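Next up: a single chain in structure tokens, the form predicted on its own.
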């Protein structure tokens, strides 16, 4: 029987009872919540407010949408956005395709062989991107780089991979897509292995070819994994910074300038924190929009 209105505890009593029952849970998560608030939540809120202000080393003043209107007329901003979109598009397509292809190739192998290949492809993930970028600088070196050495064997080159404004961005894209992402290989391999074999057996009874089974069974059932990888790879593609910063610094002639590189330059070279915050806010909106579109077209309720 429920308590009568006269005997029902008031809001403060219910809060006190809830706190008494769950206080230790909040004590355990308090350190993580404090760190999250100090280093993520409050800086994000502050950046949002800075986007509508003129903020420099002398102080701040409210300017409304001026930072955004200035960006709308900035050729460098639009060039940086174009470079970022090009990089993200080719990297996402290449990483999804290569991860799926490698996972499909190692799936018929024995369990130990699969584990060996998964570890081999995942190993580059634990190597610093700075080290990888330095290696690629050597590979692209105009005089003694490995790529120009290969071209020299056929009487071609040398090519100024990172010094030519027309191809520098494509060289950075090439240095990224040639690395098969270990995360995608591991996740796709696990997802393919979890597909019930009865589905393939039923398809064989119906006379389906290997290609038909791949298109009609494997690909549709991998949509949840594909969605996850596409979202995280899109975010990684739009947030490209270290590779560009190390390999070209945004040059030559801003031909490899990306949006995050521009945010860094605007904030820490030009000390225009308001405009940098506006750039970051636009980047957030673009990534959020891309993620929503991906969820709309790739989300599924398939379970197996």
Partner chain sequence: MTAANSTQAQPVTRSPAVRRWSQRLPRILVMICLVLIAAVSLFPLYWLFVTALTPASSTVKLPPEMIPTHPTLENLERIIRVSGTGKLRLGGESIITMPRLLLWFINTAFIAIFSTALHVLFDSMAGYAFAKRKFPGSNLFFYMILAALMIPAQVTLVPLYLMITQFKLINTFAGVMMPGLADVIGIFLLKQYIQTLPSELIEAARIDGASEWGAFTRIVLPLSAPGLAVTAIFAFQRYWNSFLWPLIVLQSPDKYTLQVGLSFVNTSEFGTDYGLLMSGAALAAIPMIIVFFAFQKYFMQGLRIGAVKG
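Residue numbers count along the first chain shown, from 1. This one's a predicted model, so the numbers in the text were calculated from it and none came from an experiment.
Not on display, but discussed next: the form predicted together with its partner chain.
Only one of these stretches, 193 to 201, 209 to 217, 111 to 119, 72 to 80, has heavy atoms within 4.5 Å of its partner chain in the predicted complex; which one is it? So the stretch in question is 111 to 119.
Would residue 223 count as touching its partner chain in the predicted complex under a 4.5 Å heavy atom rule? Outside the cut-off, so no.
Residue 205 versus its partner chain, in the predicted complex: is there a non-hydrogen atom within 4.5 Å? It does not: once its partner chain is placed as it appears in the predicted complex, residue 205 has no heavy atom within 4.5 Å of it.
Considering non-hydrogen atoms and a 4.5 Å limit, does its partner chain approach residue 277 in the predicted complex? Residue 277: contacts its partner chain in the predicted complex.
Applying a 4.5 Å heavy atom distance criterion, does residue 32 contact its partner chain in the predicted complex? Contact with its partner chain, yes.
Using a 4.5 Å cut-off on heavy atoms, which residues of 155 to 193 contact its partner chain in the predicted complex? Contacting residues: 178, 179, 180, 183, 186, 187, 190.
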